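Here's a solo chain for you in structure tokens, the form predicted alone.
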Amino acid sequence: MTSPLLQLRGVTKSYYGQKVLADVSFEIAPGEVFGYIGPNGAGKSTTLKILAGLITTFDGEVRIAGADVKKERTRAHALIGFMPQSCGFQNWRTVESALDTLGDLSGVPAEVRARRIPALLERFDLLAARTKKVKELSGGMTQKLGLIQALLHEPRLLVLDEPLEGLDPPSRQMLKDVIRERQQAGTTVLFSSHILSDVEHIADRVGILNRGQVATTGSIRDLTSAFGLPTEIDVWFSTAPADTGFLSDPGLGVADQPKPDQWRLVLTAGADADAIIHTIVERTLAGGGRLRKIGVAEPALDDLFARYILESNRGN
């Protein structure tokens, strides 16, 4: 088996006697995109700051590609590109100067900086702003600048704290595209976000943090099973059959019709989804209809998150 690129084991952090993180443990595989979500104040930023070396006193163990962030700090953090929630740059510097200075401080060779900075500015539609002072940039442009500095040295682990915050829809899509590009190049990505629809679109797995603890991690499908949400089937007709009454058969499930040619069936616990899909296909064709699409619906991450928080609060 491939060794995890990132491992957290029993990570605990307290401020003034109050635990912010309590025995946090999870792993991320090489090349995986991992979404880290939770309510405000749950401890997401604290976790990411520990990874980035901004918080050095904590209990537990953190390893990046086998390097212990406490004992092998220099080696571990050479593997990380970190974008904090609020990117701080010297406002009087130009965009190019700010990136060149940060790259130099991070040990990026001059010839690499000369090649990477223009290429990344162009990728993020900031090349025309290269001579602008940082103080002249909009909030969204500053966010992009923060991501560029994190990518300069082509890190193996990219750690992003709320990277989508403050971006307009086109810029959010660009950032999601960049994350997928980095994944295809072999980069592992850990990012936190409160925009759950975006997490849902780009994360391979999700970890839910609440009150300083990670109770569960997994894919959307894994979390659906863990939280006991019902299996649902979406049915889209290109041509509806003469009679769609069979969709209301209790043996198939509970049917709802959100749109004229779209149905959603909520299956009873233990129902065989494949057998029900087969039945729907047969009855549609027998009734002279045609299907555009049919399959098991992925629940929205918002629903899974709400279910987790609800169950967690009940337990407390």
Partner chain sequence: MATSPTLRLVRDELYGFARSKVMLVLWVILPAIAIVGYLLFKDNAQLNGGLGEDHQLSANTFMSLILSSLSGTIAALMVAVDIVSERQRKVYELYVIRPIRREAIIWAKFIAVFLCVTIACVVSIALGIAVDTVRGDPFNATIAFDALKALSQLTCVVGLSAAVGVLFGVISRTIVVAVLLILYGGQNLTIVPMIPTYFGVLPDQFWVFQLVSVLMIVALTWLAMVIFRRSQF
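Positions refer to the first chain, counted from 1. The term rigid core refers to the maximal set of C-alpha atoms that superpose within 1.5 Å between the two forms. Not measured: the values here are computed from a predicted model.
There is another form of the same protein, the form predicted together with the partner chain; it is not shown, and what comes next is about it.
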- Task: Using heavy atoms only and a 4.5 Å cut-off, determine which of F89, F237, F246, F124 is in contact with the partner chain in the model of the complex.
- Result: F89
- Message: Exactly one residue in E181, D204, D104, D222 has a non-hydrogen atom within 4.5 Å of the partner chain in the model of the complex; which is it?
- Response: D104
- Counting only non-hydrogen atoms, choose the one of 189-197, 75-83, 237-245, 161-169 that falls within 4.5 Å of the partner chain in the model of the complex. 75-83
- Task: Indicate whether the partner chain has at least one heavy atom within 4.5 Å of a heavy atom of Q149 in the model of the complex.
- Result: yes
- Exercise: R113 in contact with the partner chain in the model of the complex, heavy atom 4.5 Å: yes
- Does D100 reach the partner chain in the model of the complex if we count a contact as any heavy atom within 4.5 Å? yes
- Verify the contact flag for K49: yes if a non-hydrogen atom of it lies within 4.5 Å of a non-hydrogen atom of the partner chain in the model of the complex, no if not. yes
- Task: Output the sequence-ordered list of residues from 43-67 with at least one heavy atom within 4.5 Å of the partner chain in the model of the complex.
- Result: K49, A52, G53, L54, I55, T56, T57
- Does G107 show a Cα shift reaching 2 Å between this form and the one not shown after rigid-core superposition? yes
